[in-house]
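Taking the form predicted alone, here's one chain by itself in structure tokens.
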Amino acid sequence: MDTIEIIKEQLQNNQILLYMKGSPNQPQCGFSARTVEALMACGERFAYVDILTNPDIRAALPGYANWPTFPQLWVNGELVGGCDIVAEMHDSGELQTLIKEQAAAEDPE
């Protein structure tokens, strides 16, 4: 399977997905740390891919997403944005709404 197909599969299988440097418990850059902090404040589970241990994804995703930097937050297969956008959305309350709505759609209990 080529790298773009792997990315598409990851996006299809994970409704809330963060491509980041490191892991949520050990982010490897300040931008990833800020993005994880904003996401965790929403109180919902999310998947992540450590691009430092996945160099093929790190190389291919910017072209696929038309977004040059990391982290990248994807919700329901759509790119939300990077650290600055996620932080702004968190500050305005938009991120919480988006994440809660997606989590509710994922788990309709």
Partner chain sequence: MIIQQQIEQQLQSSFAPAFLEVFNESHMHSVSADSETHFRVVVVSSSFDGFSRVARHQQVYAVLAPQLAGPVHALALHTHTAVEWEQREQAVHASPKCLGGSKPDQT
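These figures come from a predicted structure and were not determined experimentally. Positions refer to the first chain, counted from 1.
Omitted here: the form predicted in complex with its partner chain. The next part is about that form.
**Q** Can you confirm whether G30, T69 and E88, the three residues that make up this candidate site, all sit within 4.5 Å of its partner chain in the model of the complex, judged by heavy atoms?
**A** All three within 4.5 Å in the model of the complex.
**Q** For R45, is any heavy atom within 4.5 Å of its partner chain in the model of the complex, or not?
**A** R45: no contact with its partner chain in the model of the complex.
**Q** Flag L39 as yes or no: does it have a non-hydrogen atom within 4.5 angstroms of any non-hydrogen atom of its partner chain in the model of the complex?
**A** No - in the model of the complex, heavy atoms of L39 and its partner chain never come within 4.5 Å of each other.
**Q** So in the model of the complex, does any heavy atom of A60 sit within 4.5 Å of its partner chain?
**A** Contact with its partner chain, no.
**Q** Using a 4.5 angstroms cut-off on non-hydrogen atoms, would E94 count as touching its partner chain in the model of the complex?
**A** Residue-level check for E94: yes, a contact with its partner chain.
**Q** Judged by heavy atom distances of 4.5 Å or less, which residues of 59 to 84 approach its partner chain in the model of the complex?
**A** Residues within 4.5 Å: A65, N66, W67, P68, T69, L79, V80, G81, D84.
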